[in-house]
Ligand code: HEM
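Form predicted alone, single chain, as structure tokens, below.
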């Protein structure tokens, strides 16, 4: 490969520690600053690692779609996620991933999602029936409990209302542990009995019990309404060996989908409520709308633009290659930041403003391709995209049919916190009014 100049970028500091610490302290601010200072391609040499940041849609298309087979999930991503999800769909690669994706796709078809939507409505109606006017709720906490309850029903036909808090705490422990592990310079072995390792192990065990109990229940008494787990138990690779999925793989896929299926949706819903309450004109338009579910989809997409739960999408070069005229050695770490690219004024007018009409019919089609990718892009795009958008639209419209919120005092400027999903620093406190 012809040697070319390296892209511009900051100094990494000794062993790249300055660069790593900058991201650890303020990942979003650092990513925004790098794009502003250095442009569409940013490069840092940290110890023996080549790190690239890409900020243009042509590069998104090239890496995530056109040459997707040349770029895989990063070693650290796979190491950290596999400790929880095993070899589930988010972690697996190559022909095995392709086979699993093919087997699981029917569980996320439009027909399946139509069935799940009924469950979403039932659980939402039941959950919000206990809300009363005058209550102050943390909408982030409420959306987490509600989406977790929905996920348990949709995926496993399990009723977890009585222990939603316990399960939510387990997911939080796992999420915080994974975030810490992503930033470890030297990985700490799982067998070392640190309090954080013990807490994570117990949290994983709690979710494993939910999945194991659900599998046992499905085999002894199959649910009347199809759910994701029932499809996994019956799924065969019709284009392959016709074999059923092994039990360990069913566990891994179930764990992957349960964790991904409520955490990111809850975060996105919390941002949607916050953005509506911070923008009275848009909120009043939403409250008055006669086609609230359609408008709720626009609100959902705009919330995902401003605060994408998957705020960063890392990849790793599987061979020496070239991108944008620059050499990219094998093993290089490549990063896209939807949070940054969704705020690019070249592609979004007044990008910091909340404008759901950007996603009205006809307008969305005019967006520059690969500038908006909250669910990723290409063959590895999130399999649950349509389910997440359906759930967000259902919850926003159904809750607004019955309640109106106002931000509680001190909630004017809520800061984003880049955990595994992009969350709110201290939740979203709001006062409830029955309509």
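As the structure is a computational prediction, the values presented were derived from the model and not from experiment. Numbering follows the first chain given and starts at 1.
The same protein also has a form predicted together with this ligand, omitted here; what follows describes it.
Participant: Can you pick the stretch from 124-132, 95-103, 290-298, 275-283 whose heavy atoms fall within 4.5 Å of this ligand in the predicted complex?
Facilitator: Going by heavy atoms within 4.5 Å, the stretch is 95-103.
Participant: Consider the chain as shown here, without its partner, and state which of 260, 146, 171, 84 has a heavy atom within 4.5 Å of this ligand in the predicted complex.
Facilitator: Exactly one residue meets the criterion: 260.
Participant: This ligand isn't shown here, but in the predicted complex which of 375, 51, 403, 370 has a heavy atom within 4.5 Å of it?
Facilitator: None of the other options qualify; the answer is 375.
Participant: Mark residue 387 yes when one of its heavy atoms lies within 4.5 Å of a heavy atom of this ligand in the predicted complex, and no otherwise.
Facilitator: Although this ligand is absent here, residue 387 would touch it in the predicted complex, with heavy atoms inside 4.5 Å.
Participant: Quick one: does residue 61 come within 4.5 Å of this ligand in the predicted complex, counting heavy atoms only?
Facilitator: Residue 61: no, not in contact with this ligand in the predicted complex.
Participant: With the partner left out of view, is residue 380 within 4.5 angstroms of this ligand in the predicted complex by any non-hydrogen atom?
Facilitator: Because a heavy atom of residue 380 falls inside 4.5 Å of this ligand in the predicted complex, the answer is yes.
Participant: Is residue 265 close enough to this ligand in the predicted complex to count, meaning some heavy atom within 4.5 Å?
Facilitator: Judged by the heavy-atom cut-off of 4.5 Å, residue 265 is in contact with this ligand in the predicted complex.
Participant: Taking this ligand in the predicted complex, which residues along 300-325 bring a heavy atom to within 4.5 Å of it?
Facilitator: Heavy-atom contacts to this ligand in the predicted complex: 304, 309, 310, 313, 315.
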